[in-house]
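Here we start with a single chain on its own, the form predicted alone, put down as structure tokens.
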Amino acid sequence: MLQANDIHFCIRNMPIVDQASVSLAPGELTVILGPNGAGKSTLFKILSGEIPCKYGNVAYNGSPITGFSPKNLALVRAVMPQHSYLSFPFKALEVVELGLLSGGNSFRQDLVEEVMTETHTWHLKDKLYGNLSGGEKQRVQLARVLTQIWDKKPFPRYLLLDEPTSSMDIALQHHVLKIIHKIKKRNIGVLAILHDLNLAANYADKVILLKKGRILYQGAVKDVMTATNLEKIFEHPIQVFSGSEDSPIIIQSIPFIQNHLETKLA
């Protein structure tokens, strides 16, 4: 399990993450939601080990993150940041192959091809990464981190994704979430930051609602993603329509003008 307790992080005495506790079990997708400036990316970076945890603690499979070497940490968790920059003219295939190095795997052409085919990036393999569109770059980066943890292992592992679908169209967003649904069945826990409430509602197992650095709500989708909770988090009226087992949950914001008129008429 990925476990974090009482994480506290300040910049100039201003809390960015305030006493946050998070648990992520293998086989589940937990999504972090919140408005801009809520502290989502900072919490994400602390959980991934990019930012040192001075107050509170983070542990992977019962071992403190501070006790992992970079190499050993890469064996238990893969990270896709919100933005990735490359200074060298790598081809898409070469970027994905970097995941083999991070995961401690020897060169595996079959594994790379399988992952790139799964992420719809195999046809991009000979293109320069810098010439790809934003959505193509995201899928290549996703392929890289998936390559790192694609092979099954006897111990739990974790995939951390910061806005992995922000530059993709609707069809590709759903395709990526379906890949995540597959990968979590390999004893892998997935933590993702998303902005799309509907994607979170229909794919996540658990949801964390973050506002001003504090986790206000955390738990199962049906318990956490209520109209009342979402309106409190985003400070905007929101409707939630709960479907049947075969029908998705639909979440939509209420236009300000409509809400204003309904309030007046009432």
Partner chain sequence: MIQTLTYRKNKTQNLILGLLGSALMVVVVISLSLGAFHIPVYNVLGVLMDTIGLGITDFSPQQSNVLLHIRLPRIVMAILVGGGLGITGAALQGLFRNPLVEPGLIGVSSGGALFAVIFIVFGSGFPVLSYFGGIGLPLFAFIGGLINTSLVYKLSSSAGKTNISLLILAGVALNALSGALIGLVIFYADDAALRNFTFWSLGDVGGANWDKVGIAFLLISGPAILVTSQFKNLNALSIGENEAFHMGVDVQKVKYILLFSSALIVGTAVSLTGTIGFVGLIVPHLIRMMFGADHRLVLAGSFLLGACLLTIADLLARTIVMPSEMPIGIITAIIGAPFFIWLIINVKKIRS
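Treat the numbers as computed from the prediction; the structure is a model and nothing was measured. Positions refer to the first chain, counted from 1.
This next part talks about the form predicted together with its partner chain, which is not shown.
When its partner chain is considered in the model of the complex, only one residue from Val112, Ile188, Val176, Ile193 comes within 4.5 Å through any heavy atom, namely Val112.
From the list 151-159, 164-172, 177-185, 89-97, the contact stretch for its partner chain in the model of the complex under a 4.5 Å heavy atom rule is 89-97.
Of the heavy atoms in Gly134, none are within 4.5 Å of its partner chain in the model of the complex. Not displayed here, its partner chain is kept clear of Gly62 by more than 4.5 Å at the level of heavy atoms in the model of the complex. Using a 4.5 angstroms limit between non-hydrogen atoms, Arg139 is distant from its partner chain in the model of the complex.
In the model of the complex, at least one heavy atom of Pro70 sits within 4.5 Å of its partner chain. Contact check at 4.5 Å (heavy atoms) against its partner chain in the model of the complex: none of Leu2, Val17 and Ser41 pass. Of the residues in 176-203, none comes within 4.5 Å of its partner chain in the model of the complex through any heavy atom.
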